[in-house]
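One chain is shown next in structure tokens, namely the form predicted on its own.
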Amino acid sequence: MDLDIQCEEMSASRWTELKSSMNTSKTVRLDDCSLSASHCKDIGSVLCSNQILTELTLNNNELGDSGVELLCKGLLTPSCNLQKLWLQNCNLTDASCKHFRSVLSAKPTLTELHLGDNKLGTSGVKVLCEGLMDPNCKLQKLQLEYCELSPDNCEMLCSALRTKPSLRVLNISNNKLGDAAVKVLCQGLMDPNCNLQSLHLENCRITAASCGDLSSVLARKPSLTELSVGENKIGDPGVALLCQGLLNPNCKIEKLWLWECGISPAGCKDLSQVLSTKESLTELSLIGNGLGDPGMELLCQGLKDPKAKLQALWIRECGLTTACCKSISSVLATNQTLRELHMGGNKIGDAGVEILHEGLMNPSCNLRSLWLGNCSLSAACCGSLATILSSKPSLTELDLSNNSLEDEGVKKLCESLKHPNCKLQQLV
């Protein structure tokens, strides 16, 4: 049994009712429910008594440090078997971290801890890392985005990476780390004991200078399959360095997020080579980069290579126009692995959709999700879109939001939705 409630004010009678349900639930989610420290005593009791409870999510509640102390008392009882804990944006400070340290040191059952958007600070994360490095700790996933980490924290995180082979996912995005701190972190990532699979460093004030270190990690650690350095101004020089590591045969990258990284068409030449040679790469995000039509042309060259196995491509707000649609259409007609194409926020216009229509209608096209929101479309292209919907049962998601389709265009789309071949599940 699962209990999943969001955005609900808790009256006394409602809370009494929920306490009973929590005692028999395997997963409990109470996000945005105006919970406070007073509720944590009851939740702590549930943690003590409900041995089947494995996941607890309490995001966006004003629990505070006093609330966490009560929760951790429950977590520390021998009968508690919780595996995953979400406490994002719960008004926690460094004072909570000593309680988390105790839990991490004593509960090998806990495998995921999500503490994003709490002001833990440098001192708090240092205390947290002490628990993380305890031999009893078997944590696999740690999320500390927006936690006010500083470069000083990377030394202990480096030590944790070296001593904690169980750790698979680390998210320290949106913290002011800088290049020197990432260099230290990479030393831990290179350690033979480190088995990290996913690293998120979005908006961490890193530049191209960090990309050489990250490239070395990619070249030597096949365990690292997901890397996000979005919203860092690494530019084309940074991309070139990353691609050196990505092209290494040891690299087994699957998901690469490079949104808002200051990439221009010049960077696309290196990325095109990665697309055409790295068969493990299945997801690529380039949202918010000034690729333009020339950059997209280069990417399409890579995507048309038989070795390209990309399944999802995000190119929203990349300065694309109708001019690049012929190349994209050619990719759709030849690349059988591409399943998701996110093109919103580009002025491809009705003429662009007409060109894409040719590729989408090709029998080799297996696209499931097409996002064309805010693409300067009108009712004029809806006939082609309707044909696609009634002819391609593989297409299950279509986003046309923020376009002036008007009643005429929507009517055409609605007619196609009635067609037996149309299997669309989501229309935005």
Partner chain sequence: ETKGTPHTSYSQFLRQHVDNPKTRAPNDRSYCNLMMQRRGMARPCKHTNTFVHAPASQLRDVCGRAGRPVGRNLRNSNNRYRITICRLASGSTRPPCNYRGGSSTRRIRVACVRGLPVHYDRNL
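Numbering follows the first chain given and starts at 1. As the structure is a prediction and not an experimental result, all values here were calculated from the model.
Beyond what is shown, the protein has a form predicted together with its partner chain; the following relates to that form.
Next on the checklist: Only one of 38 to 46, 378 to 386, 355 to 363, 392 to 400 has heavy atoms within 4.5 Å of its partner chain in the predicted bound form; I'd like to know which.
Outcome noted: The contacting stretch is 392 to 400.
Checklist entry - Each of Trp257, Arg316 and Glu340 near its partner chain in the predicted bound form, meaning some heavy atom within 4.5 Å? => result The answer is yes; Trp257, Arg316 and Glu340 each reach its partner chain.
Checklist entry - Quick one: does Glu406 come within 4.5 Å of its partner chain in the predicted bound form, counting heavy atoms only? => result Glu406: contacts its partner chain in the predicted bound form.
Item to check | Contact label in the predicted bound form: Asp117 to its partner chain, heavy atom within 4.5 Å | outcome: Residue-level check for Asp117: yes, a contact with its partner chain.
Checklist entry - Applying a 4.5 Å heavy atom distance criterion, does Ile287 contact its partner chain in the predicted bound form? => result Yes, Ile287 is a contact residue.
Next on the checklist: So in the predicted bound form, is its partner chain close enough to Gln426 to count as touching (4.5 Å, heavy atoms)?
Outcome noted: Within the cut-off, so yes.
Next on the checklist: Between Asp293, Asp270, Asp213, Glu231, only one gets a heavy atom within 4.5 angstroms of its partner chain in the predicted bound form; which residue is that?
Outcome noted: Of Asp293, Asp270, Asp213, Glu231, the residue with a heavy atom within 4.5 Å of its partner chain in the predicted bound form is Glu231.
Checklist entry - For the stretch 145 to 179, which residues lie within 4.5 Å of its partner chain in the predicted bound form by non-hydrogen atom distance? => result Counting only heavy atoms within 4.5 Å of its partner chain in the predicted bound form, the single contacting residue of 145 to 179 is Tyr146.
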